[in-house]
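Single chain ahead, written as structure tokens, the form predicted on its own.
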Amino acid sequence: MRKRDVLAVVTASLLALAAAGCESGSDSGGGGSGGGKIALLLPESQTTRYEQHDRPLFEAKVKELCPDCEVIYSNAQQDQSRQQQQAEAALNNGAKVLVLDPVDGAAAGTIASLAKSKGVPVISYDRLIQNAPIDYYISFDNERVGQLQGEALVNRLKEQGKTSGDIVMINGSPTDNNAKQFNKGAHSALDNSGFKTVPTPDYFTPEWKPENAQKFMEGQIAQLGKDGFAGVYAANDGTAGGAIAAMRAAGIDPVPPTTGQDAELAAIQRIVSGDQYMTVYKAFKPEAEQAATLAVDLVKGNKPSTGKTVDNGSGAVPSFLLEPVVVNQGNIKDTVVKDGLYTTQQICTSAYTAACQAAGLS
């Protein structure tokens, strides 16, 4: 063989070996810079945060950290069977990590166990997956959320000169473990406050639907009377909106202090106008970006430490727990506006111009 031909063969062999090495490093996921598929499985769209904030923030952070990674996105629309199918499809499609916000925290254990059997790590996002092997949990201190809601409500009622009376309690979905934690935290603030929560046993709103909360509140107004309750504990902004709609339809004016959660735009506007007293702002950006960062780490074979754990019934789960913040009329500028969640222009539409001026927002 001529010298020129030998050189060509050697060069070709070296190039082939280099290419094979690149493919091996990319597929291994063992701390390299290659990409992989990450499944983001969200539970529903009744709560506006998931489509408007969590999904785009998560996808943008993954793209920033891992341009070669692919996000497989699904929304279960509050259907546990659909979420099971979506998770199975993602695993069959080669997902290396599942970021799962469960429709039903208990039933989602089946998904976590399936992923475990395939060696795919699971991040329980926002809602805790119960009694199943999961790798990480990212959320807020949910009992603290309920406690903040209860404390804010009691403090507001006392500011109004009230020290006793009924508080209509509207909890979240009975299948959502977070709803149970909010409820527990709220009771820690309400039970020894001098006020009484009604009805007994506690009412949990099917699927978190505002229309279900509205129908329930209509029944409470009929039973208690328009002046028969001092305030309303609503677990989130959707249920608060339903309760307020029922009160308005019944001619209750002013609406008694009503709590919320999630800092939805409509809720912020109701706070500006005085219809809703407060909401709990859970900064979606750090939560979604922490989940994305962790997912990319796991794709690359890294396992960060958290410093905190939460017991999900199957063991101590390494956890990232973020701090919730109360938002009322006095700190809208310093919270949701300052963080860029909404602009004053988005909040202060024509219907809220006068209210925004009175609240110092425009």
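Only a predicted model underlies this, so the values are computations on that prediction, with no experimental measurement involved. Residue numbers run from 1 along the displayed sequence.
There is another form of this protein, the form predicted in complex with a small molecule, and it is not shown here; the text below is about that form.
- Contact check for Glu44: a heavy atom falls within 4.5 Å of the small molecule in the predicted bound form.
- Residue contact check for Phe216: none of its heavy atoms lie within 4.5 Å of the small molecule in the predicted bound form.
- Contact annotation: Tyr233 falls outside 4.5 Å of the small molecule in the predicted bound form, judged by heavy atom distances.
- Among residues of the shown chain, Arg127 is one whose heavy atoms approach the small molecule to within 4.5 Å in the predicted bound form.
- Scanning Lys96, Arg270, Lys180, Lys282 against the small molecule in the predicted bound form with a 4.5 Å heavy atom cut-off leaves one residue, Lys282.
- Distance criterion of 4.5 Å from any heavy atom to the small molecule in the predicted bound form singles out Trp208 from the list Tyr136, Trp208, Tyr277, Phe195.
- The candidate stretches are 307-315, 58-66, 45-53, 333-341, and the one lying within 4.5 Å of the small molecule in the predicted bound form by heavy atoms is 45-53.
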